[in-house]
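Encoded as structure tokens, the following chain is the form predicted on its own, with no partner shown.
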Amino acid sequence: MNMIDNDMIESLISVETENVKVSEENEAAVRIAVQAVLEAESVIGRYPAVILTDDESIHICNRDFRSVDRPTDVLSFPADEGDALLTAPDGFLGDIMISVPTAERQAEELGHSAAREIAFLTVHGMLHLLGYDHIEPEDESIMLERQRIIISKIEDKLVSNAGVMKNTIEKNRMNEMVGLALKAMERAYVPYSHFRVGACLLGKSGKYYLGCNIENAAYSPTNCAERTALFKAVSEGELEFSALAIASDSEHFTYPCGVCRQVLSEFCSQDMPLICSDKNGKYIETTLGELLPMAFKKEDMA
């Protein structure tokens, strides 16, 4: 895939609009998503056609092809399973239809941009074209994990494409990470303080690393949840990170201690989001730079 020019790939991806106006940002999100799937799945020389349409058009397709009498957000028509909706050259993967109005509604409900939702639906449709499915629970688990990893890898591109601050994180992602931090908290080893903390660290790869606080009778060897998650990630080869969620069994928001802030600054950017939660899952968002301004970093040793 790296041997093929990205501009050439983009020219082979057909993006059509039907009965809707589509912004440049949303069309770009489709192309970003398609390229991400092709790269992630090592697909060379095969490309889809993506049709961005309205609820009525996708409703008709649902009724005629699936006996479903309602609109949905996305439909996929693999080229090797019947006639394609659009004429395309050799190497055609199939068609993906996305309802832009439905995508916009879902984006508002989930608290993220329409471009992000359209990219997600494009990834979902692409995986269907490549043979993934979610009818059986085991297949669904595999497909959802592939979706999550691929979307995680392109979120920075999607956000920067929208012209906003690059290091942001979507609301649904924050909710997921807080939930995982609360789950990690349950494994805390705290026979002395009885104060449990959990952390969920998101790597640039899209993988989550969970950690809890682990106390020691000598006190000083005690390790915080944030560092447990970070050291686990680094030990597995992950060195760049997108966000961190922290939760405890306190009624107050939980922030990393000074030592954890310094350790995090070794690997994390100053604008990396930190999501600080209480025991009920209520949280606020800040950044590492706000909690540790003018941190001492390796660049200062030059």
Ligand code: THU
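Note that the structure is a prediction, hence the values are computed from the model and not measured. The numbering used is simple: start at 1 and walk along the sequence shown.
Unshown form predicted in complex with the ligand; subsequent notes refer to it.
Report task. Counting only non-hydrogen atoms, choose the one of 219-227, 131-139, 107-115, 202-210 that falls within 4.5 Å of the ligand in the predicted complex. Result -> Residues of 219-227 come within 4.5 Å of the partner.
Query raised in the report: Though the ligand is not shown, can you say which of Val100, Leu127, Val197, Ile151 has a heavy atom within 4.5 Å of it in the predicted complex?
Result: Comparing distances to the ligand in the predicted complex, the residue within 4.5 Å is Val197.
Report task. Identify which of Ile44, Cys257, Leu239, Ile60 has a heavy atom within 4.5 Å of the ligand in the predicted complex; exactly one of them does. Result -> Contact with the ligand in the predicted complex is made by Cys257 alone.
Report task. Examine Glu170 and determine whether its closest non-hydrogen atom to the ligand in the predicted complex is within 4.5 angstroms. Result -> No, no contact at 4.5 Å.
Query raised in the report: Heavy atoms within 4.5 Å of the ligand in the predicted complex: does Glu215 have any?
Result: Heavy-atom contact with the ligand at 4.5 Å: present for Glu215.
Requested in this report: May I ask you to list the residues of 30-52 that have any heavy atom within 4.5 angstroms of the ligand in the predicted complex, in sequence order?
Outcome: Heavy-atom contacts within 4.5 Å come from no residue here.
Query raised in the report: Arg148 to Cys212, Cα distance in the predicted complex relative to here: closer or farther, by 3 Å or more?
Result: More distant in the predicted complex, by 3 Å or more.
Query raised in the report: Which is it in the predicted complex for the CA atoms of Gly111 and Leu291, closer or farther than here, knowing they shift by 3 Å or more?
Result: Nearer in the predicted complex, by 3 Å or more.
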